[in-house]
Every structure is written in structure tokens, then in C-alpha cells.
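Next up: just one chain, as C-alpha cells, the form predicted on its own.
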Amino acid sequence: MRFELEKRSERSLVMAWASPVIAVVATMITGGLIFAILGKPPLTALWVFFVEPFSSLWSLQELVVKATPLILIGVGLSVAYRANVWNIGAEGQLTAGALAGSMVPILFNSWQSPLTLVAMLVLGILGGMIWALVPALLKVKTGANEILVSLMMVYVAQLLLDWLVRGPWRDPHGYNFPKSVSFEDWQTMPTIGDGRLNIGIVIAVVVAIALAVLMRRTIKGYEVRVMGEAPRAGRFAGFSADRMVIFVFLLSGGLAGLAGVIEVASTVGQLQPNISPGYGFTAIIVAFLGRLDPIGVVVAALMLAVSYLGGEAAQIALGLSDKAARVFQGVLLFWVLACDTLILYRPRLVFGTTPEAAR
């Protein structure tokens, strides 16, 4: 007896869109079991984790703040994955964008004008693009695996950040703490209202809408879909696989870099050894939970932002580790992939031995 997955002749469109909902419900059930094993009351813990983030205006604002980088990175990754190109290094591209954009306030600290912020955002995009170009070119020129190369580049970027804030870019008046000078005035993102909500969310939503139009209404979007679903047909149509790899890496890397510079110019306010709680990796879950659709990614990013706020609330109310949010994100990714697998394949038990095994 053995267990096999048999490919379905066609997938159910209804189940394709219901799959994320099923995955979220399964994650909550699994989370309740985890809380029970840890000796925490499951219903109370789930309330703290999933409901408290919606309990006040401040919480809702924080939810949007945390969703902003997830939207920017997630929509870029959704396009790359639709093209069947696997950029796993968005966390490194986020860091590279933060470093490039921070050159302006660190090296030209007295420059204060609207152009200061524009220069920071443009440099952030370019920094992410340059960092993403390395795995793209290595894949195109040498056939190197983009998953491994882009992932290894994450650690290079993080070590570079750590060296800079402890060395050349350390604030001389910062009492020897590993951080850069604080960003001020036009070196920070303009806020909306009295909290930390800033115009980064406006940029993120505009980018998501633009990419939705690109994917649905343009030849380039059609090319992305064809190269992802039927690369052989794409080659017959004259589409270049190499150019597609470079395009989606530049796009996703640039948006990750933009997310990085927005993060350091808003919630962080300076460079320090840790500028991201793992947004680049969480955005991979966001992309799949959003069905690789830019508009779906916006909704999925808001859902995943709940895990960050819920994790912080759980630390205070339940005494859980700060890694609780990562556990929930990992469980959610497991259920998303499991549901997607069942959409494409039908499980079945096979009894007896195969002719190959008999020989």
C-alpha cells in the first residue's frame, strides 16, 4: 500500500479562491492546539492574537503601517512567481534599498527639501534593483540557481548593514551605539494624521493597482503569464526567457528596495543592525496567499500584518516568545501550500505492488 498524488485534469476555480480562507481557518485551529500544548487558554490566546489588532484606531493604523512593506514586496514577488522565477532574497533587497536610500541623510545630513525624500526613494529602488540583478545575471549567464543565490545575498546585505552601522556610518554622537544619525524633516515619510501612518501606504496601493493593470491589460503582463505557464509556447511566440528573468528580478528587487527605504524613513527613523522583522520572507507567504494577484496581495498583506501585531500583544498578555508570530506565519504557509497541492492533485491510496517494484 502506498500514497500517491494524481494530477487533476482541471483545477476548480472556486476552490482556488477558497483555498486561502481554508488555510487561514486551519491555521487558527492549529494555533489553538499549539496554545493548548503551551498551557495557554486557546480561545483567549486566539483572541489576543487575531482580534486585538482590530480593537482600536491605533491598532488599525499600526496594522496598515506593518502591511505597507508587505504589499510592496508581495506584489513584486507575485509577478516574479507568475513568471516562474523564484526570487527568495527580497529581505536582502529590502536591506540594500534601505542602505542606498540612507546615503542621503547620512552623507548629506543638512540637505532638507522635498527633493531629499525623492532622492532617498529613487536610490532605494536602485539599491534593491542592483542587489537583485546579481542572482538574475548569474542565472542568465551561468545557469546558477536563483533561489540559492538570492537567498545567500540576504546574508551579505545584512552583514554589510551591520558593518556600516558599527563602523563608517555610526552616529559620532550616539554614545557608541550601533546606529546611524536620526533622520529628520524631509528625510522622513510625511505622516497621515497623528500616528505613525504615513504616505507609504498610498505608494503601496498605487503600485499594486499599477501592477494589476500591467498583468491584466498589457502585452508585458501577457508575456509574464505565458512564460510562467507555458515557456515553450512563449519561446515560439518570440518571448525571451532571459529577458523575463532580468525584468522580474529588477521589478521585485526595486519594490523591495522601495519598501526598505520607506521603512527606515518612517517607523525606524535611522539605520540600525535590525531594520526589518523579516518582511522580505513573510512577503513570500503574502504573494501565495494573495493568489499571485496584486490586488489579492493587498488583502493578504493586511492579514499577515495581524500576525506581527498579534505576536507583540501575545508577548505582553501571554508571555510568549517574540518568535510566536514566525510560528504562525510558518503554519499558514504550510496550510496554503497544502491546500494548493490538493487543488492541483488528488490524493489516493494504491494497494499492491507496481511492476517496477515486483522486478
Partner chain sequence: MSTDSALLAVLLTIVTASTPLLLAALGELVTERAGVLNLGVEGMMVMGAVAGFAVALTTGSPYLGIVASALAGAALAVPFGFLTLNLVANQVATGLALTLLGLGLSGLIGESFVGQPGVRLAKIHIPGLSDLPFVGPLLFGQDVLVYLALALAVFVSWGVFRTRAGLVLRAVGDNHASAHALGYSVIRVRWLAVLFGGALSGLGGGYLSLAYTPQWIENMTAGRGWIALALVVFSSWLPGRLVIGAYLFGAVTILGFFVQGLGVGVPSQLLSSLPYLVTIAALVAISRKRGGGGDAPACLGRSFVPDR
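Basically, rigid core = biggest C-alpha set you can superpose within 1.5 Å across the two forms. The structure presented is a predicted model; accordingly, all values stated were derived computationally and were not measured. Positions refer to the first chain, counted from 1.
Heads up, the form predicted in complex with the partner chain isn't pictured, but that's what we're talking about next.
- Using a 4.5 angstroms threshold between heavy atoms, Thr218 stays clear of the partner chain in the predicted bound form.
- Mapping the unseen interface onto this chain, Phe177 falls outside it, with no heavy atom inside 4.5 Å of the partner chain in the predicted bound form.
- At least one heavy atom of Thr142 is located within 4.5 Å of the partner chain in the predicted bound form.
- Among heavy atoms of Leu121, none comes within 4.5 Å of the partner chain in the predicted bound form.
- Within 4.5 Å of the partner chain in the predicted bound form, a heavy atom is found for all three of Glu6, Tyr155 and Ser321.
- Looking at 280-288, 254-262, 98-106, 187-195, the stretch with residues near the partner chain in the predicted bound form, meaning non-hydrogen atoms within 4.5 angstroms, turns out to be 280-288.
- Distance criterion of 4.5 Å from any heavy atom to the partner chain in the predicted bound form singles out Val327 from the list Ile295, Leu60, Ile29, Val327.
- A heavy atom within 4.5 Å of the partner chain in the predicted bound form is found for one listed residue only; from Leu133, Leu151, Leu126, Ile203, this is Leu151.
- Residues from 42-56 do not approach the partner chain in the predicted bound form: none has a non-hydrogen atom within 4.5 Å of it.
- Positional change of Leu344 between this form and the one not shown reaches 2 Å or more at the C-alpha, relative to the superposed core.
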